[in-house]
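Starting off, we have a lone chain in the form predicted on its own, written out as structure tokens.
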Amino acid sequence: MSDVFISQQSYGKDNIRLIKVFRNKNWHEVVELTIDVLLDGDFTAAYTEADNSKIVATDSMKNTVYILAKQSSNVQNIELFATEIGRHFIFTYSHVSQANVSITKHKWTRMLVDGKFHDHSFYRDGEDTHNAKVIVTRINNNDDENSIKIESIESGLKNLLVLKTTGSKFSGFIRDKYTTLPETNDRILSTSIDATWTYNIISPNVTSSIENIIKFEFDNIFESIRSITLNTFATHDSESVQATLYLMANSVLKSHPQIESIRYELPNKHSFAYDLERFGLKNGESSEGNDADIFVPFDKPNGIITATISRKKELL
């Protein structure tokens, strides 16, 4: 008898690239997605006995995604489209117990030509993305919708690069024999914002889950959180990245009761004033003051500040 066992497994198709064009006569919309699908379930024999009889080929997963994209009216709404994909695999294959679907929506912005929006031309005006991850699980062996549950829905934004030239301080930190960083009352603050938020999905099965989440205006919530994040970054007189992060998260949770928690990851994108004193030019030893206007960006090594801010659970 073997003294080892498979304690976890999943497999699937990563990086399924997809562009869908929506045509309304001459006016077109375009959506570009990258989709990952991972399945968990009764696949042990494929590992331990080289028995592939229950394997859904990853090429079939890719084809399924394209077929569902062709048929779906929710491709632009990535949280709902991810739910559709997860439901399909759970409902179609009785031995699949969980489907994990992650989608990244890439940015395409309509071109402005001669003062008017062009009907079918777009450009990429940033590398920040809208992301979603949906987990759909099987809760019993029935072959109907009541056998399926939406376990969780996460949304987020990634790679939102921001910078402000003042309104940021950093002082009062521990100073010891290892400290060389000067305190500053005015510095350039730059970071690449990653944020992930979790929706409050409480329902016994997929039918009530769908009824619950269909009223969530996911795209509007995404745009609101993006706006709150940018506005807070721009206007907060920051004593630290930590303080700004907390204010961002607190503002999001106050504005959106559907969200259970939000996590921010904010790496420092340092810019240090270049020493021009040796050339007889004032540029400051730090980024403080009006004399400092020539800086050198440094990306590595960098500090990184993270936190998850959650709602307190009410005691029953």
Ligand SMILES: O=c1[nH]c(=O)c2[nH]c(=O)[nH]c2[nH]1
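Keep in mind the model is a prediction, meaning the values are calculated, not measured. Residue indices: 1-based, along the sequence shown.
The form predicted in complex with the ligand exists for this protein as well; it is not shown, and the discussion that follows is about that form.
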_So the ligand isn't in this model. With the ligand brought over in the model of the complex through superposition of the site C-alphas, is the pocket blocked (at least 3 atoms within 2.4 Å of backbone or C-beta) or open?_
open
*Looking at 218 to 226, 121 to 129, 102 to 110, 179 to 187, which one sits within 4.5 Å of the ligand in the model of the complex if you count heavy atoms only?*
179 to 187
_Sole residue of 240, 94, 74, 192 within 4.5 Å of the ligand in the model of the complex, by heavy atom_ = 240
_Partner-contacting position among 268, 34, 64, 251 - heavy atom within 4.5 Å of the ligand in the model of the complex_ = 268
*Does the 4.5 Å heavy atom contact test between residue 305 and the ligand in the model of the complex come out positive?*
yes
_Test of understanding: in the model of the complex, would residue 246 fall inside 4.5 Å of the ligand by heavy atoms?_
no
